[in-house]
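Here you get one chain, nothing else, as structure tokens; it is the form predicted alone.
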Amino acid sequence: MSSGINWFKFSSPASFYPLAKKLAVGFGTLAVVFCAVGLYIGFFMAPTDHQQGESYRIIFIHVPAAWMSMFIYLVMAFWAGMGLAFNTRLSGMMASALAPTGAMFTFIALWTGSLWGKPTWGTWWVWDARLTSELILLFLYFGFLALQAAIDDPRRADRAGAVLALVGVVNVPIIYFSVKWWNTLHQGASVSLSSAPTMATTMLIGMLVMVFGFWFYSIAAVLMRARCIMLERERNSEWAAQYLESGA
């Protein structure tokens, strides 16, 4: 008999709920540590850029937020698609829990991009291919949230949101490759899997540490939000009633 963990049992909200709390605490702690270290490296240890001066330091927030905005959307679409294909309750809950965090990072990416664009381009906003496609991503998140809120039946809301999420996936590669496909003001990628980084090592380390910090934060926030969704949707079940009574 195998002594390994039966991960399939955690596909049930009743089993996943207590595990989510433990994981959220751990990832939340990691998020605080990594973000603190990443910000210290980015703002105090990384050298001044010879072209952009100190204004470039916004990349330590802007770039990780932009990466997370796209990555979370893909994960959200994955869970939504799983729920649509297999009609699993937990999949829809996870997709719903991911959307607010993804929307937040998309907004941060657009906002910090505008702050960076003013000293770099001389304007807060241009209808650049990457900026416009990133703005569309924000609208997709808002559309997903609004569509789910407009439908009273959670299962119908999950299916409708899943269709929108899957259709919107096409926008993610457009965002990523926009600087290659079109002549845009936005600079090309400083970090690529196919070439050496175009930034100083300290800058790269600081940015990657922030990426992990944002990633850990996303996991913690999504798990805590998923717990709330589970209790709300399963409030009439015996296991949820026990947790509601105990306040756990």
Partner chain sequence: MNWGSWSEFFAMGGYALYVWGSYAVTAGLMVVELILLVLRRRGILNRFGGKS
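Note that this is a predicted model, so its numbers are computed, not measured. Positions refer to the first chain, counted from 1.
Keep in mind that the form predicted in complex with its partner chain is missing from the display, and what follows is about it.
This chain appears without its partner; in the model of the complex, the one residue of 211, 205, 30, 39 with a heavy atom within 4.5 Å of its partner chain is 39. Relative to its partner chain in the model of the complex, residues 43, 108 and 112 are all within 4.5 Å by at least one heavy atom.
Interface residue remark: residue 47 is counted as part of the site for its partner chain in the model of the complex, having a heavy atom within 4.5 Å.
Among residues of the shown chain, residue 229 is one whose heavy atoms approach its partner chain to within 4.5 Å in the model of the complex. When its partner chain is considered in the model of the complex, residue 124 lines it closely, a heavy atom lying within 4.5 Å. Residue 70 falls outside the set of residues with a heavy atom inside 4.5 Å of its partner chain in the model of the complex. Applying a 4.5 Å heavy atom cutoff to its partner chain in the model of the complex picks out 214, 217, 221 from 209-223, in order along the sequence.
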